[in-house]
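Two forms, one protein chain; structure tokens for each follow separately as structure 1 and structure 2.
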Structure 1
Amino acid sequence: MPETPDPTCPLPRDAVVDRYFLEHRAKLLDVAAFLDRLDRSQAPEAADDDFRVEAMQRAIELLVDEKGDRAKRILELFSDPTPDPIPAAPMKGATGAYKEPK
């Protein structure tokens, strides 16, 4: 079991479940349906190489490793780990996951 963090949320555990379970059950089903949709898409093998899908699959593993700080560690997993500024901005937006240069 993970190390138990300080009990900083004022709600009792059962109240947290009562309040948030249905919302997050639905979000979990959204992820499952997204992965199913990828499987049903045309040329589904192409998605296997997509850096965003790969990052999501690694993030899903963090959800169940029982080490805590899941949100922080998943955000770190999606982040650019390099320290230096890039030569030029290729676009204004962001993709949501870091893509390693080939």
Structure 2
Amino acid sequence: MPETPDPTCPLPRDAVVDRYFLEHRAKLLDVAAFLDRLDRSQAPEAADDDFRVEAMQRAIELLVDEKGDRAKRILELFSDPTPDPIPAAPMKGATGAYKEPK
């Protein structure tokens, strides 16, 4: 069971479940469908080396580790931890996960 933090949500637990369960159930099904799609893709083992898939797999581990502050820790996992801006973007748009330089 996760450590119980000081209550900062004004709603009781059952009201949080009533209000948000269906929304988050759908998001969880989206993640499951994405992982299933990867498994069914051509050469699915190629995705194992993709830094975005690795980050998602590590994020899923954080979801179930019962240590709290999940959103913060997952956001940090996906974020660039370096303090300096990069000289140029490697591509147009964001990748959604931090790729460590080799």
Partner chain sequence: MRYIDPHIHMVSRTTDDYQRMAQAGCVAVTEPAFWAGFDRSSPQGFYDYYVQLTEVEPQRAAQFGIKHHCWICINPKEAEDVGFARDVIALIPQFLDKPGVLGVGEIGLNKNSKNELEILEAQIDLAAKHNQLVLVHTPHLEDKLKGTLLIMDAIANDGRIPPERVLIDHVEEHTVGHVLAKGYWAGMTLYPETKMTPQRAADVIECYGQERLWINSAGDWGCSDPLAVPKCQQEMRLRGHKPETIERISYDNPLQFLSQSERFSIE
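These numbers were taken from a predicted model, which means no experiment stands behind them. We call the rigid core whatever largest set of C-alpha positions still superposes within 1.5 Å between the two forms. Numbering runs along the sequence of structure 1, starting at 1.
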Students should recognise the form predicted alone as structure 2
Core-superposed C-alpha of Val16 shifting 2 Å or more between structure 1 and structure 2: no
With the two forms matched on the core, what distance in Å separates the two CA positions of Pro85 between structure 1 and structure 2? 4.3
